[in-house]
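Quick heads-up: it's one chain on its own, the form predicted on its own, in structure tokens.
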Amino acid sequence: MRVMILGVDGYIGFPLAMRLIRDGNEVSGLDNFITRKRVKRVGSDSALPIKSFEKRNSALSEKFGSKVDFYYGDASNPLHLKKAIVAAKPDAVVHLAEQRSAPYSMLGLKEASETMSQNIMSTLNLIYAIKEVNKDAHILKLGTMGEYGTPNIDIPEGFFDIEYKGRRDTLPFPKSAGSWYHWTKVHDSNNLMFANKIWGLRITDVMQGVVYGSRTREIDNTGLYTRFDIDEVYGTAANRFSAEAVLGMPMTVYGKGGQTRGFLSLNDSINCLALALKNPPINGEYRVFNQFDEHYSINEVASMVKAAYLEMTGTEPQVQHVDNPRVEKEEHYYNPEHENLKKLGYVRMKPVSAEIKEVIADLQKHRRTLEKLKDRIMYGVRWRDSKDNING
């Protein structure tokens, strides 16, 4: 199978490329390395060493006998994207090429506009490119469980049955996003559903939970780390807590810590995406996968990191509850379904504790780099106090 990965230099993109190449697929990729630049813009960097994409790609050739057929370009530029798709002739396109940070999107007007325009346009560009180049190609789009919000009812996978005033229908589940970033994902889903309705494009819309972890099978075998962000803007909670524990800092839990989300490891994220590619939708199908292992409160995540670090080092990290910078429910009902990937054969590879211990071990190994980022972990972005800087 020929697979193109948009955002191939990213946290998920590069490990996915390694998995697909190892499994014998032809992999092409597009990136403009903007995440590296955005992370530096907020004064941070990857806590684990990552080489340039050129060097990593060369290493793939040595390890697996094949590498990514790389195209430099911006997915929000329709000419860059269509030219790459025409050249690569993919059977499937995995769309990861979006600004992926909710806090970054809330920094101010400049960052909100950048997130809105680039994310929504990249998906629209992909829709039109596939329609015009190969309507049979499979679009696998990475969305987020954050599209749903935290309703006081169970969350289905995309659609639900409803009765209102004596009439029944099956409708998309209502969305209630919590940041400009999350709203771009909602708009993406709407546009993908509409493209499927009018042109019959084959689409998998993945509602992914919060991803944590530093390793996959291929990272273990090659030593080629993917990027690993631990700051408040680009790092996810479990990864940030692990870094704070290694640095001897209190783990910074927002507010009461009762916020509950779906979580899955990097390794399981790659497994899910590879499984979805191996089992594509039928012609004319739009399908939704809720992609996560289990749902935990932030307090539970902090407790798991604390237990793992205590077992490994004999030292118990402290937890510090800080003012919640976000506008969100801190205690709520949360029960999303996630059966569609299981029906395809998905099974979690490792327990959460094992994944967290691997993160801690990797951060300990590169503590010198971690120390340099210590002062940038808590950036200070706040939902209600964004800069709204119209001059950039």
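Because the structure is predicted, anything quoted here is derived from the model rather than measured. Each residue number is its position in the shown sequence, starting from 1.
Below, we refer to the form predicted together with a small molecule, which is not included among the displayed structures.
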Taking heavy atoms only, is I298 within 4.5 angstroms of the small molecule in the model of the complex?
yes
Contact label in the model of the complex: W180 to the small molecule, heavy atom within 4.5 Å:
no
May I ask you to check whether E328 falls inside a 4.5 Å heavy atom distance of the small molecule in the model of the complex?
yes
Against the small molecule in the model of the complex, would T252 count as a contact residue? Criterion: heavy atoms within 4.5 Å.
yes
Non-hydrogen atom within 4.5 Å of the small molecule in the model of the complex for each of G146, G235 and R240:
yes
For the small molecule in the model of the complex, the stretch among 158-166, 77-85, 217-225, 98-106 with residues bearing a heavy atom within 4.5 Å is 98-106
Among the candidates T204, S265, T184, Q259, the residue which, in the model of the complex, approaches the small molecule to within 4.5 Å (heavy atoms)
Q259
Interface residue in the model of the complex among N271, Q118, Q208, N196, criterion: non-hydrogen atom within 4.5 angstroms of the small molecule
Q208
